[in-house]
Ligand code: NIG
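Just the one chain here, the form predicted on its own, laid out as structure tokens.
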């Protein structure tokens, strides 16, 4: 056993109260703020937290955490971070009045990225991915879900999944990686919807056997995929033990939430057009509602009705939707600010949404999102602007982190 002690911390947010409430109706007191001085002891061989407590003599390896406040590492549970090329021009097309579908019909959108991916070597794709993941870690994101979906053909989808798996299994990867097989993203030209869905279903045994994905995903939306065909794909994936994280009710009301919650989906994401029936379905399920406010910002869409969903008792996460065409921001700071200013979330609700609830949306809330014995030692340490953080409440400290868009002074992934 190799131990590391982070000593003399000014405080830590444990998330213990949030865990007891399954992340629902988060309040400031649920974030589990513990006033320092205190120490965190980590077993760096297994990457787990051993203890959180008052200062005491300890291991041979120590870091002085004086003036720092610890939180669980942020988790970005919805990204498309494996891509190639730029789609900057499309933003200006959109801002000049063209719609999402018009840009797609003119060869832009997802099909633009299809072409770029096919023209780019594996080593370049991975190099660009690691650069992006390093930037995300610098901003406090220590676990990232990465979707395929930019292949457009069976062979290219498998190629993308295998590249994501290489990153996931690489001990030098900057962050922890979870992978999603976004089989139904955009329908290629010259093939019917049912034929393409059949092709993607035929890949599921390979995906399961090679452990290429932790989850599956689909984009039911007018002009993309029907809800009927999406549910057919998701149902076949579930038979192989692959649970879903679904793009749901983003641009048009498709009744996606009501359709996928019975499939034990881990999360439903976007939700700008969620119905009252969909909110009720979430209230009575473990499926996490994941909001992506930067997408609304960059696409000039309505924001999801977050207050209604939270107040109904659903479990809520936030994610960046980082991708080249609709949300080019790699960090979670803008996501947090928009959640506060446009969706009216409190600091405690944002904290829960980026930690324990984001972990739940990936099926990881038994391992991540808390500072507790036995949990992964994925931690952010914040040097706050206040000259005396010991005089501030936990709520004030969280508000400073989010409003000032701070980046952590130190990050640990598995204690490293």
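Because the structure is a prediction, the values reported are computed rather than measured. Numbering follows the first chain given and starts at 1.
Below, we refer to the form predicted together with N-(iminomethyl)-L-glutamic acid, which is not included among the displayed structures.
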All of 219, 270 and 326 with a heavy atom within 4.5 Å of N-(iminomethyl)-L-glutamic acid in the model of the complex: yes
Give a yes or no for residue 87: in the model of the complex, does one of its heavy atoms lie within 4.5 Å of a heavy atom belonging to N-(iminomethyl)-L-glutamic acid? yes
How about residue 185 - does it come within 4.5 Å of N-(iminomethyl)-L-glutamic acid in the model of the complex, if we only consider non-hydrogen atoms? yes
Looking in the model of the complex, any heavy atom of residue 321 within 4.5 Å of N-(iminomethyl)-L-glutamic acid? yes
Closest heavy atom of residue 295 to N-(iminomethyl)-L-glutamic acid in the model of the complex, within 4.5 Å or not? yes
If we take heavy atoms and a 4.5 Å cut-off, which stretch out of 77-85, 233-241, 281-289, 257-265 is in contact with N-(iminomethyl)-L-glutamic acid in the model of the complex? 77-85
Can you pick out, from 196, 130, 303, 100, the residue that has a heavy atom within 4.5 Å of N-(iminomethyl)-L-glutamic acid in the model of the complex? 100
So N-(iminomethyl)-L-glutamic acid isn't shown here. In the model of the complex, which residue out of 110, 345, 167, 142 has a non-hydrogen atom within 4.5 Å of it? 110
With the partner left out here, which residues of 241-274 have a non-hydrogen atom within 4.5 Å of N-(iminomethyl)-L-glutamic acid in the model of the complex? 247, 250, 270
